[in-house]
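What follows is a single chain, given as structure tokens, in the form predicted on its own.
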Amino acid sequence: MEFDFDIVISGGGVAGLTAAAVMGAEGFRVLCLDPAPPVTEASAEGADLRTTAFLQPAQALLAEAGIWDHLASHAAPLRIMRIVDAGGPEPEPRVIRDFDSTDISDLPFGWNLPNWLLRREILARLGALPNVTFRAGTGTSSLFTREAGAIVGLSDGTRVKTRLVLAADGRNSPMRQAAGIGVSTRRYGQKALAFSVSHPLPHENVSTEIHRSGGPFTLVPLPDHEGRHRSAVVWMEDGPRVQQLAALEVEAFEAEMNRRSCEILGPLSLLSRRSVWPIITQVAEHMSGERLALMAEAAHVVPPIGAQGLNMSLGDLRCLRDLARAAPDRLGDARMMAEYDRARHREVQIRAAGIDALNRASQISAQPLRDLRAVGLDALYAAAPVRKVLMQMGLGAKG
């Protein structure tokens, strides 16, 4: 079979674009497809206002692929992960515990960037790679595989032949469905609000998760802008409550978010529109098929706790990159796909189960259980060896 490309990537979100840059930097001929043009300005309609914290292993992968140079000046370092329990009768901090990156590393835990900006800067990197083609406005529509290769049907009616199909096309992945790979899904009745705020007190590069009920209220540092301290917020609550919050006028919404934030950075002022998305845990039954590798949300979806989502995705990508680098002549063959599934699937299942447990703990509303949660946080923090292991595991170290 004559191949048009070595790798066809279905999906041009942050994960898919990063995969194109990483595999392109390895010298592979890459085609990346997405049915929607990327939105690369914060004020544009459809802009993804969420942010992504790249943890240390992910940042190293981006640096090796020549992407980090495009991102470093825009990133806010995360030096401390602060957990606040505000689960008492009134919403006020009663337990505050800091997990400090200096306990385990000379580097920050990670670096936070807006998703719309990530798309813009990664696209700039792709423009410098002559062996990478990005086609916005064209999606994948069919998949036909044989042991020797794959044929991918495109939404414009054309077909391309490739050695490997990389599905990074979201939780409803067309390529995963075409391959007949099922998923297990857990629903919580939760939704999340994402938006950005300014505040009078500096965040001092501290990422803060405030737990009460319904899910965490998380403040993630952004660089200061025009003399204002800024943070990104992910606010998880039961679905009907999120819909109520999203519909509030700005003044009423700010009153609610300041009550929920305990004004830990002073009064918050809304800077952006509010976006809403559902919270689920979803894991594919397999992470590979014939000439097909699943990554990112095509393989796993987790609640936005501990900056795990995209960092798990880049763990997938690192594994694929290393397998392809070790044996480029076997790109996409049955042995490589089996090795990828064996290396990633069990780890993804374990990590998803851990995040599921944390999310369920953050949802609880009964006062005795909230009190027990606070006691548990104190106990974990007091044991220094356990605290360090938890931080290392959060960065992606295997337990």
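Sequential numbering from 1, following the sequence displayed. Computed from a predicted model, the values in this text were never measured in an experiment.
The same protein also exists as the form predicted together with a small molecule; that form is not shown, yet it is the one meant from here on.
When contacts are defined as a non-hydrogen atom within 4.5 Å, all of Gly12, Thr140 and Pro304 contact the small molecule in the predicted complex. Stretch-level contact analysis of 61 to 69, 359 to 367, 33 to 41, 343 to 351 against the small molecule in the predicted complex, using heavy atoms and a 4.5 Å limit, identifies 33 to 41. Remark: Asn115 counts among the residues lining the small molecule in the predicted complex, judged by a heavy atom distance of 4.5 Å or less. Although the partner is absent from this view, Ala296 contacts the small molecule in the predicted complex, with a non-hydrogen atom inside 4.5 angstroms. For the chain shown alone, Pro91 is not a contact residue for the small molecule in the predicted complex, no non-hydrogen atom being within 4.5 angstroms. In the predicted complex, the small molecule sits within 4.5 Å of a heavy atom belonging to Ala194. The contact with the small molecule in the predicted complex, taken as any heavy atom within 4.5 Å, belongs to Ala168 out of Val165, Leu320, Ala168, Ala284.
The partner is absent here, but in the predicted complex a heavy atom of Gly309, alone among Gly289, Pro216, Gly87, Gly309, sits within 4.5 Å of the small molecule.
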